[in-house]
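So this one's two forms of a single chain, laid out as structure tokens and tagged structure 1 and structure 2.
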Structure 1
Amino acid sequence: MTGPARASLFGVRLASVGFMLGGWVVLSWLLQTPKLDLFPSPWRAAMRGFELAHSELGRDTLASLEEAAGGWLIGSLLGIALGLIIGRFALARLLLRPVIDFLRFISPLAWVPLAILWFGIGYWSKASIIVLISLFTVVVNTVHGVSAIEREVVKASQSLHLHWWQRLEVVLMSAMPDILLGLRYSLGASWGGVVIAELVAGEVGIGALESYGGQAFDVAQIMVGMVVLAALGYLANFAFMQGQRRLFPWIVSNRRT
């Protein structure tokens, strides 16, 4: 990308941020009430953020990061492995695909009571929800990618008498665009899942921070949690895309997402 093009892109993004902040200010004026600050201004939310930064915000952010990252990693690895099995073996596809298609439509919120009963209200009760969210998203995309591999590719790998791990590498690389898409979508969904779990079963975390803000009628605190959540999700997506460009440049050149 040339220098003028980058400057133009930066200007558009800056204008987008300005538009968002301007809309926030207007809404804060329109929704002002004498008794309750229903929609605090950006300045009021920023001040509340600075206050929380000196108390529990760092601890809550770290807790949510650990839950989201751990759950996403475990769920993604399980999803890729299960997707490879379902996509490559007809018997596994017949037995497991209906189960996956049935379970993936259950809302993550419905799993929270079970997670509390099984794991208490500690780390694993929240991380298990992220595991399920990531698992279902990744397994569906992996199955699609593996099933779409052309027969010629499979026959070529067999005719070359490749070892099983070499044939597995061929399958993985062929399905990698769909796998990466599933990983990226599940990464975004993980942030929503961790907040859902923390709202119900959390003592720490961004969701718990927002829950305590709601109990105290502290709308600014709720907004701080929302902004932190959005920023973390944006940074995670940015880091993922940068890693994808470095590790799989051939995918980026063929599919812009």
Structure 2
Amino acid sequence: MTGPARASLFGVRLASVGFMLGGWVVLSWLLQTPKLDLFPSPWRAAMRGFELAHSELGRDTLASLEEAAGGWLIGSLLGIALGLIIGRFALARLLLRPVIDFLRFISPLAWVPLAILWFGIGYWSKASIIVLISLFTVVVNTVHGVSAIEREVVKASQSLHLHWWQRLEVVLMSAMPDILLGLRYSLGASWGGVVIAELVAGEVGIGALESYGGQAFDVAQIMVGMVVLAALGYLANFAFMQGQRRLFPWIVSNRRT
């Protein structure tokens, strides 16, 4: 592409960002209501963000982070372990795969009421949802990776008389691109689970912050929650990609994107 064309496309991109901000301002003017601020302007939302940052936002963010991180770690580790077992042993494949296939049709988010009945309104009612979300995604991807390992690699590790943990390493590393895909996808999906679980049963957390905002008709507070969640999701994805590139530089897809 030529220089001027690229520059004009950059102008279009800039116009797009301006359009988003301008649209927000215009909408907040048009939809202004005297009593309730149902569509706050960007600076109103930013002000509310600063106010909340001084009071409860930090605590809520930390609570959500803990739920997401704990649930994701447990779910991912379980998922990788189950995936390796299902991928390597025919009996496990026969018995466990159908169960997972069935449970996958019931979305993890539909478990929220049951999780509340089982675990109450504490940490685990939210974390267990994240565990389910991560578990199913990671299992499927791990099995996919493990069953796609080349026979030569397996045979080579057998003929070298590797110990079982070394053979495990071979299998794990061969399946790693698929496993990472599942991990990244479930990391993104976890935030959705966190917010919906906290909306239904939350005292602390960003979902609870939004839910209190909704009850008080404080739209600015809801918007702050939305933006913080978006930022967390973006940062988590970015950090994951960085870590993945640092730890596994040999994976082909790491080189380009």
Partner chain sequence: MKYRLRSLLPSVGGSASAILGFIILLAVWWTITALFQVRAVILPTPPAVWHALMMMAADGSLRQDIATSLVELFWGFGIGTMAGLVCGGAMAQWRWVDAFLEPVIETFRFILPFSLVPLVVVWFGVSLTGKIFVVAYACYFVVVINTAAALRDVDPYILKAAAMLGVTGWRRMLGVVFPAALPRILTGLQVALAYAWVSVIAAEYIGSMAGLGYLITNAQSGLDTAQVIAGMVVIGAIGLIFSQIVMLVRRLTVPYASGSSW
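Here the rigid core means the biggest group of C-alpha atoms that line up within 1.5 Å when the two forms are laid on top of each other. Because the structure is a prediction, the values reported are computed rather than measured. One-based numbering along structure 1's sequence throughout.
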Handout entry: Structure that is the form predicted alone (1 or 2)
Key = 1
Practice task
Could you tell me the angle, in degrees, through which the smaller rigid part rotates relative to the larger one between the two structures?
Solution key: 19
Completion exercise
Shift of the Cα of residue 13 between the two structures with the rigid core overlaid, in Å, rounds to 8.7
